[in-house]
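Below sits a lone chain in structure tokens, taken as the form predicted alone.
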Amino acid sequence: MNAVVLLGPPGAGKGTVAEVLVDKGYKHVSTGDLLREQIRLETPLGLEAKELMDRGRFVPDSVVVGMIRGLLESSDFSAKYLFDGFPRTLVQAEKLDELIASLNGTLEHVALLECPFDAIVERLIGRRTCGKCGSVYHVTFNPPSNGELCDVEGCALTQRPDDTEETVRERLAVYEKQTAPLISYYEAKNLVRPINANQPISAVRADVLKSLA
């Protein structure tokens, strides 16, 4: 079992970049998507996670690590995983190392998406989503053709509760405090591959592919 970690602040483009690695055979593991599914199902975990995420907070390490442990232990030996949004803390990074080692796997490298915080704020507060088909737009960079309506479904687009400027800046502050220390942790292991995420997504994807070579 091999793995790559996508590291970077919220809004740096980890989810979008992940698509190109999935084409290379990696299984995309997004803890954000897993948690949002729990929220959609209104499970106890989902309700707890929603409250925290709406305030720009992260869910406890014990919950996230437990989800990942179950996923890895049920996989086959030849699986390749791409972790998006995990690990977020040093505790999670250490637990991931332990899990991978216990499965005789390898953490290949860490793709670090770097982007100025002001650019991230502009990206996220302008993001709009269709509740029916999931299409994502941006009021500046990718606006719908018909005002605030989805081009596919024709219904009103919405802004995620955690995409307000106040919440985005809170999320970035939490990232800087809790997640940024992972850069030094992985640099000490010579695993970090810096990627300029403040450029067109096609260029970011190309740079990520180069980092795998």
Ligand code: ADP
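For the two forms, the rigid core is made up of the largest set of C-alpha atoms that agree within 1.5 Å on superposition. Residue positions are given as counts along the sequence shown, with the first one as 1. Every value quoted in this text rests on a predicted model; they were computed, and no experiment measured them.
Beyond the structure shown, there is the form predicted in complex with the named molecule, which is absent from this document and is the topic of what follows.
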Inset, instruction - Give a yes or no for Gln38: in the predicted bound form, does one of its heavy atoms lie within 4.5 Å of a heavy atom belonging to the named molecule? - result: no
Inset, instruction - Please check if Ile201 has a heavy atom lying within 4.5 Å of any heavy atom of the named molecule in the predicted bound form. - result: yes
Legend entry - Leu124: touches the named molecule in the predicted bound form, heavy atom cutoff 4.5 angstroms: yes
Legend entry - the named molecule contact in the predicted bound form: Leu99, any heavy atom under 4.5 Å: no
Inset, instruction - Would you mind picking the one in Arg169, Arg160, Lys27, Arg69 that has a heavy atom within 4.5 Å of the named molecule in the predicted bound form? - result: Arg160
Inset, instruction - Check each residue of 96-114 against the named molecule in the predicted bound form and list those with a heavy atom within 4.5 Å, in sequence order. - result: none
Legend entry - C-alpha of Pro116 moved at least 2 Å between this form and the one not shown on rigid core: no
Inset, instruction - Taking the rigid core as the superposition reference, indicate whether the CA of Thr158 shifts 2 angstroms or more between this form and the one not shown. - result: yes
